[in-house]
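Same chain, two forms, each on its own as structure tokens: structure 1, then structure 2.
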Structure 1
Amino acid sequence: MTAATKQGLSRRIVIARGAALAAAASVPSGWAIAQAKPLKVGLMLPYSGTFAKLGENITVAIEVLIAEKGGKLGGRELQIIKLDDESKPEIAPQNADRLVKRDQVDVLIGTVHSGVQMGIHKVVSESGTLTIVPNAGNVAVTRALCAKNVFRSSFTNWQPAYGMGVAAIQKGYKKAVWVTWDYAAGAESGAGFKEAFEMGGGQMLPDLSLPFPQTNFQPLLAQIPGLGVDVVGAFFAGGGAVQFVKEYAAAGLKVPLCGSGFLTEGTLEAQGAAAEGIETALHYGDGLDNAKNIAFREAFKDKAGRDADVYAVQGYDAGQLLAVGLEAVNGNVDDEANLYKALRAARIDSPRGPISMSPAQNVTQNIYLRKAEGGQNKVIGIAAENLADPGTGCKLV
């Protein structure tokens, strides 16, 4: 309240006595008016194309979390605005701009594809909009380009692949090649695998790659027998991963296939026998025996009619993280200092196990070794315990 308003108020009080005072007390303050408005949450995710199912699982899981919280986070009703980003980097800045400038979202949750994330990042680094990344793993977002308003509930591309590289060395493999889509997620996961594999004395050949989201795998598969490798590592996800694993099996290659866990995540039913026995590393797996996971899987299945996967977990945890922040400031997102303080300090009981935020605002978490068996990615060990991305170049560190 300004000095002038205070003065005006006291003059009226003198004139109209108690009746006016009572009336003034019931006038809602600016903050109370803002508080009564729903909090606008933009979901910028793929709802079409090869990653459509990933975006849908993230969305359903966020809705599960909101329902568990009685429809409100930090006392605020939520207005959800969905935008299909089509996994197209070229239209990402304009899509993010629509949410931030036209719809004026308070929070942006997005996205899946690393290239699209770069477009979002450009927009939200300038606008300062609170952003939670529920999948895309591009390292820049929580390394050199990290921003105080951007948090992840997922992973960096480096994390699962690094875990797989460690496991591959432990299994005694000596020479490997990485097969992938030629974009940030493919290259960065290949780099994570290579780092661990070479540190353990292994030798990596140059990546075999094709443009995203192409699925013309035959020319790549045809090269593998001539390479003399004893293991093939891969990053593919969604519909592309289904097709790659099937074609790899159909090619009758003798070299075992492994990868970042997305290769067999949410895809096993469609991959069928072709996926049997494939070992991958990821921050989630089937059969994790903790109470949160059991309850979450049941709630997700009730709502979606299908089993949860890592994408669902990351969506649920985006909601959990947002809830921690909003509860700390009673829904007042303008209280940035306390909002970000709470988000940075968040310790979350995730279906994947306990997680926390690294100084660069990426998730510190276990990377599990899994084996595809009978339609499940069964956890068979921990490839890297409590693994944090190095966060290299992040000024928040």
Structure 2
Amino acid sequence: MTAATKQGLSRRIVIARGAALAAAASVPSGWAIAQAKPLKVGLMLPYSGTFAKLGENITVAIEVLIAEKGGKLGGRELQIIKLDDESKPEIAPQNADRLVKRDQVDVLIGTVHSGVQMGIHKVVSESGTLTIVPNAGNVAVTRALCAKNVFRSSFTNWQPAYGMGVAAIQKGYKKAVWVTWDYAAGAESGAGFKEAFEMGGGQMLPDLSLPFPQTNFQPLLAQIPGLGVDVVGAFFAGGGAVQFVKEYAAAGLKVPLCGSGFLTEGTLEAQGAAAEGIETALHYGDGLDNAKNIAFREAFKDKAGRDADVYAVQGYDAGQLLAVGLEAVNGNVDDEANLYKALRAARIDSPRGPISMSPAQNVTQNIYLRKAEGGQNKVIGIAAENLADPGTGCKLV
């Protein structure tokens, strides 16, 4: 047999042959041998570049969960294999292929960047590797491209913005415009806001957008006074969100600004006074008063030396979801029918509140209304309770 042929053998073939040899030698079965081996968990996350802190927070939170479980999940020791995806979509398929084929991971947890997620998705959907998405919000993964082995512990871009649209209607706003970068996350968020706003009787004007990652916001801001809108919704994140919020305030616009929670998530310190009073919607926020959140934040800070954020919560819940599945099958990941059944039926006590899986295997969760005050995104209510992404086009068999 050639080396290439050996490399092409699937994990199940290897286990099956191992079982046959073991039986012949009158030693413990191949299944028992597999159970004694550490479960390989691949973490394909950004550990360098712009999103490095996000990847690190997800990783630390997973480690917190594993420690809480005594170092094992479903009775299995874990071997964690980390791979820096560098937030580069162009190398995502080969990175995922490396984890799945060379390292033969049993589970892949990844990633942050939606473009990278699409590169991962093709590999894992074809290989059947159990995959949990701890951040990337692109809707296709749990809509038209959904796969029975792919679950998400975070959100879709549609969800927070839909919640903000609901809240905007409840505040009595009638006419709105969405401002964003012209890329998938901005468009998907805008679609969520528009759906909720128009369903409530509001009128949406055509989006104001500019190419990603440009930050020449002045031409867009100059149009707002003449539009006659009574609220502006926005999706920006990171440095772009900082600049947009500052320029919006500096322009002296009297129209209230709101948006998907990433407009002010992790950016408040840099935005300073310009962000005061901005309302956003997200599945997590500062001051959530529940026992799970309090305990998690304490454990995370003890380990990381910094406060937890929404990315840490999503990583922790990726670990919680995996634990539910593995405990149901006593660590036997090859018992796919019962493993996936348990994952789909999971009811998890999250730091963000109770969560479960939608039919498309995305998170059903509360979307909170937050207000920027004194450097915090303070939760002031629930914008949409137990909100599931519609999962349009998903056909799981």
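Counting starts at 1 and follows the sequence of structure 1. All figures in this text were calculated on a predicted structure; none of them were measured in a lab. In this text, the rigid core denotes the largest set of C-alpha atoms whose superposition between the two forms falls within 1.5 Å.
Matching the description of the form predicted alone is structure 2; structure 1 comes from elsewhere. After superposition on the rigid core, the Cα of residue 229 moves by 2 Å or more between structure 1 and structure 2.
Relative to the superposed core, residue 273 undergoes a C-alpha shift of no less than 2 Å between structure 1 and structure 2. Comparing the forms between structure 1 and structure 2, the C-alpha position of residue 97 differs by less than 2 angstroms, with the core used for superposition. If you overlay the core, the Cα of residue 181 moves by 4.3 Å between structure 1 and structure 2. Core-superposed comparison between structure 1 and structure 2: residue 166 shows a Cα shift of 2.4 Å.
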